[in-house]
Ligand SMILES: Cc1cc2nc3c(=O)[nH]c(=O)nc-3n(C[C@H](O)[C@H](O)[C@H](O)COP(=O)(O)OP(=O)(O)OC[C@H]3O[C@@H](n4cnc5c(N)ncnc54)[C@H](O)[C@@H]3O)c2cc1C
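Take a look at this one chain, the form predicted alone, written out in structure tokens.
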């Protein structure tokens, strides 16, 4: 295996364009990638370490929101006052992301490119309607995150492309993130979800979005539930069936599909009741 160490974005994109894509792997933080090789995955012929590409690091406030460099670490997001104040669901997800050693290595683009349905940052990024800026040697494009992730470990990233940044528009209302794992933050999520809502002056919900992870091949919007609630459905007993319309959990070593269905419904119902929504009648 040959390890390449570009120190500039242009050098990196040149390498990506010249090396065979089926024998080349990008290394950012390595927190997901390296354990796979330790478990017996075949090593690639070429490994491109992009950790030193400073052009892909940092958080920039823009007129329409923020732009986060793809190599910005989870720990940097966790310590950002801008993320904490303007995008609290994302900030909360970083606080529950593994331990501090991993957060200092793991990158936001890496968590996205890993394409795990249980990825801790993904429900919040979906909630904020994130877009990705992808760049290659001869082109660049912007795509919605929900169009980029197509299944477990599967994305629409093209050969030679790199996630340059993540774009979040300005958002209104309040938002939050919740994760259920078998242990503390080091555990992979059994289920997780992000929720955003706005209230009128009389306290009635005027806007509601909920995204959920680890309950389908990709992150899902719980549209059936939120549409019904905004339409006046307050009967908590009816919410479980509405949630199940948008999810498709599986059995794995962490939990059964049935457990995921039930626990997600109960967690979200309890959360909404705390917001003053729902009744048992």
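Bear in mind that the values here come from a model prediction, so they are computed numbers and not experimental data. Residue numbers count along the first chain shown, from 1.
Keep in mind that the form predicted in complex with the ligand is not shown, yet the notes after this line are about it.
Chemist: Report the stretch among 82-90, 193-201, 124-132, 110-118 that approaches the ligand in the model of the complex to within 4.5 Å, counting heavy atoms only.
Modeler: Heavy-atom contact with the partner occurs in 110-118.
Chemist: Identify which of 268, 25, 13, 19 has a heavy atom within 4.5 Å of the ligand in the model of the complex; exactly one of them does.
Modeler: Spelling it out, the residue with a heavy atom inside the cut-off is 25.
Chemist: Which residue, 205, 102, 167, 76, has a heavy atom that falls within 4.5 Å of the ligand in the model of the complex?
Modeler: Flagged contact: 102.
Chemist: Quick one: does residue 31 come within 4.5 Å of the ligand in the model of the complex, counting heavy atoms only?
Modeler: So residue 31 counts as contacting the ligand.
Chemist: Considering non-hydrogen atoms and a 4.5 Å limit, does the ligand approach residue 98 in the model of the complex?
Modeler: Although the ligand is absent here, residue 98 would touch it in the model of the complex, with heavy atoms inside 4.5 Å.
Chemist: Even though the partner isn't displayed, in the model of the complex is residue 222 close enough to the ligand, meaning a heavy atom within 4.5 Å?
Modeler: Answer no; every heavy atom of residue 222 is more than 4.5 Å from the ligand in the model of the complex.
Chemist: Taking the shortest heavy atom distance, is residue 243 within 4.5 Å of the ligand in the model of the complex?
Modeler: Although the ligand is absent here, residue 243 would stay clear of it in the model of the complex, with no heavy atoms inside 4.5 Å.
Chemist: Whether 171, 247 and 262 jointly form a contact site for the ligand in the model of the complex is the question; each needs a heavy atom within 4.5 Å.
Modeler: The answer is no; none of 171, 247 and 262 reaches the ligand.
Chemist: Heavy atom within 4.5 Å of the ligand in the model of the complex: which residues of 39-72 meet that condition, in order?
Modeler: Those in contact are 50, 56.
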